[in-house]
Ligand code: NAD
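The form predicted on its own is given below as one chain in structure tokens.
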């Protein structure tokens, strides 16, 4: 079946053919292993759900080390052009050097393609080892702003001419008292970018009948950035009319009872929310947050349901969506057919849901606990599951297919 492009209406609604072209980036390190395990699972789910009626036409684009070997560029212009043109992609992990070297390709993709929402669903699958007493209470979706905050990458090293020039200006012109030897980072946050992220989170909650959206921020300390994020969130909520209420209105207008069909907007300080998702996880369903907070809490929540190997993710904008494994490239395991492919498989499941192919996605969600119940697990899970059979990355993918 030849592939056709995914298009969109003038209002941004996706038009998905029965044979959509979907791009894939294999990724660095273990990327080739997990991609090889993931593609058959996604194709099998589509075939089982729709027979010959639907099929994904996969098309590779290059990025990372594989791209550099072939083109001498880690992010070829042709790849960015293709991502804009075809709109939807599935991506394996890309390596980012720490403390030097080239800038994060993941961050570059998000900023160049304006993928302003990092979306991380965190849910528990029966049979996955967890440090929590009741991990089944965790069913949250994190909406993390992707283009601003400290991840905007505006920083200068200590004692650099740029840092010293900026410190001199701040000290002499604005009355600061910064140490001249300090490293400097700038945290920009705008009304436009904060509001569109929060609007997407609220829209999702309304459409999916989620009970609440929580604004996560540190506005008591960073009053004009994260405090503004909180204020902008309430302004966006007002756009939804009676579909969204807040905790103040809940007490004064509704006498403590949320009306049916209404989403409750909450806001919590970041440090408090970390405690709350441990002690009272059932009270939180959707979390909207600036970038750095979202990075921390999404990984912390993933740890509660089995780790990053069980956590899917996506970076979505108004014109493009990239679904990706949330863990690193783990180069020491590259080529060993060993690592857990579930993060990329579940990210592919998010992709199916994004296309509107929920029946195929549901088959994978149902197959995962069945596979674990049958004692089939990769090494990271098998060592924590007494009586289980340790299998390879590819064999785990086949196990999922057999248990659909």
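Residue numbers count along the first chain shown, from 1. Note that the structure is predicted; figures quoted are calculated from it, not measured.
What comes next is about the form predicted together with this ligand, which is not displayed.
Site residues 325, 331 and 379 are all in contact with this ligand in the model of the complex, judged by any heavy atom within 4.5 Å. Only one of the listed residues (291, 245, 106, 276) places a non-hydrogen atom within 4.5 angstroms of this ligand in the model of the complex, and that residue is 106. Note on contacts: among 45, 345, 339, 352, the single residue with a heavy atom within 4.5 Å of this ligand in the model of the complex is 339. Here the chain stands alone, but in the model of the complex its contact with this ligand, taken as any heavy atom within 4.5 Å, falls in 317-325 among 193-201, 131-139, 317-325, 221-229. Although the partner is absent here, residue 95 lies within 4.5 Å of this ligand in the model of the complex, judged by heavy atoms. By the criterion of a heavy atom within 4.5 Å, residue 91 is counted among the residues contacting this ligand in the model of the complex.
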